[in-house]
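Next up is one chain by itself, shown in structure tokens, the form predicted on its own.
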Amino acid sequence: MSASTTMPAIAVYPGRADTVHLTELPRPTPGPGEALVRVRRVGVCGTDQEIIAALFGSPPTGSDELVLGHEVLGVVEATGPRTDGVREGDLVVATVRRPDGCPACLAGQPDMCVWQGFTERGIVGAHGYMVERFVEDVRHLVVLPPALESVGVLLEPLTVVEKALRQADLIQRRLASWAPKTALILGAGPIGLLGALLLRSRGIDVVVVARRPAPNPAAAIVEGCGGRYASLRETPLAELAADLPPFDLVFEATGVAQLAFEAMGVLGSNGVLVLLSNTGGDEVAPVPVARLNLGFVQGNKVLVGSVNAAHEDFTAGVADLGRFEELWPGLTARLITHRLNGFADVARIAGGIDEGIKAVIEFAQ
């Protein structure tokens, strides 16, 4: 293909570690119901690093490459016929998962997929968004107001905790008195911090625990929204919880399976513990099963896993990003601590970031 018909992209060879490289894809053209989106910014997350490490990930059918990236912010450059609701110039985020036809997917809930045959942009069976432009069905695009341009790339990770809170609220319809006042968040990465902002915006008292002692950028964000930050290197979780009111809600977002079981021990009566981390490997550990079982039975507690997000979580996330700006102007943007230079910083994508929170790739405007 000539240079005029191709465009650059950042890809890996799935199943082979440390193979991040530049590649070329055909320049796309939107068809009926589709929009051509020029990429402005893409987030780099732990999932990307795990794909780079060959822990999982699969290419589209017929390719040995997978273009990375599932946290995208872009601008609609052109539209095909029948694209109601999306116009040229709109600032948009694209959703990640595409349905497989199972009953849940047919009901409009691909995030609750039963057959597990879905594809996910930049993760499973479909190219991602670390590319100059992409074409997408407008049903999978979410329009953001221009005022959210600086934080819009955080919408996709925010939807993870939007769904977690929505699921907890649905579960707690079993109670006539569900009005959570206290929450514990395990992990101070982007998911944990966005969870803190979300719960604080609802007036819930939030404690975020992570390994690194304060002061650090994550602790500053937690404190900036009125939460409390604590280091597990300084205080074990059980000891920390002993001096606090029972937790009505717990989000586990560390990727450390052992902490999920420790969190079971500090969840309050009638509480909900939502597991948000994918934990690979074969780690085993002793667990006080009798005590935990007794606590869950006598306390009417709930443990639930949550993954991906529905379109309604993206819509809710747009509103909440605006609310965060109203409550704490400029605080959300401080999650972005590293900005990589488009296609020139491929090596840094592979190497990850240190002493920061969130890295994004800035593409040419």
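Just so we're clear, the structure is a prediction, and the values are computed from it rather than from any experiment. One rule holds for the numbers: they count along the sequence shown, beginning at 1.
Another form exists, predicted together with beta-D-glucopyranose (BGC); not displayed. Remarks below refer to it.
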Identify, from the list Glu149, Glu120, Asp137, Asp205, the residue with a heavy atom within 4.5 Å of beta-D-glucopyranose (BGC) in the predicted complex. Glu120
Quick one: of Ala94, Leu275, Val160, Met264, which gets a non-hydrogen atom within 4.5 angstroms of beta-D-glucopyranose (BGC) in the predicted complex? Val160
Site check Thr47, His70 and Asn308: each within 4.5 Å of beta-D-glucopyranose (BGC) in the predicted complex by heavy atom: yes
Among 283 to 291, 171 to 179, 95 to 103, 248 to 256, the region lying within 4.5 Å of beta-D-glucopyranose (BGC) in the predicted complex by heavy atom distance: 95 to 103
Spell out, yes or no, whether the shortest heavy atom distance between Phe56 and beta-D-glucopyranose (BGC) in the predicted complex is within 4.5 Å. yes
Residues in 320 to 343 close to beta-D-glucopyranose (BGC) in the predicted complex, defined by a heavy atom within 4.5 Å, in order: none
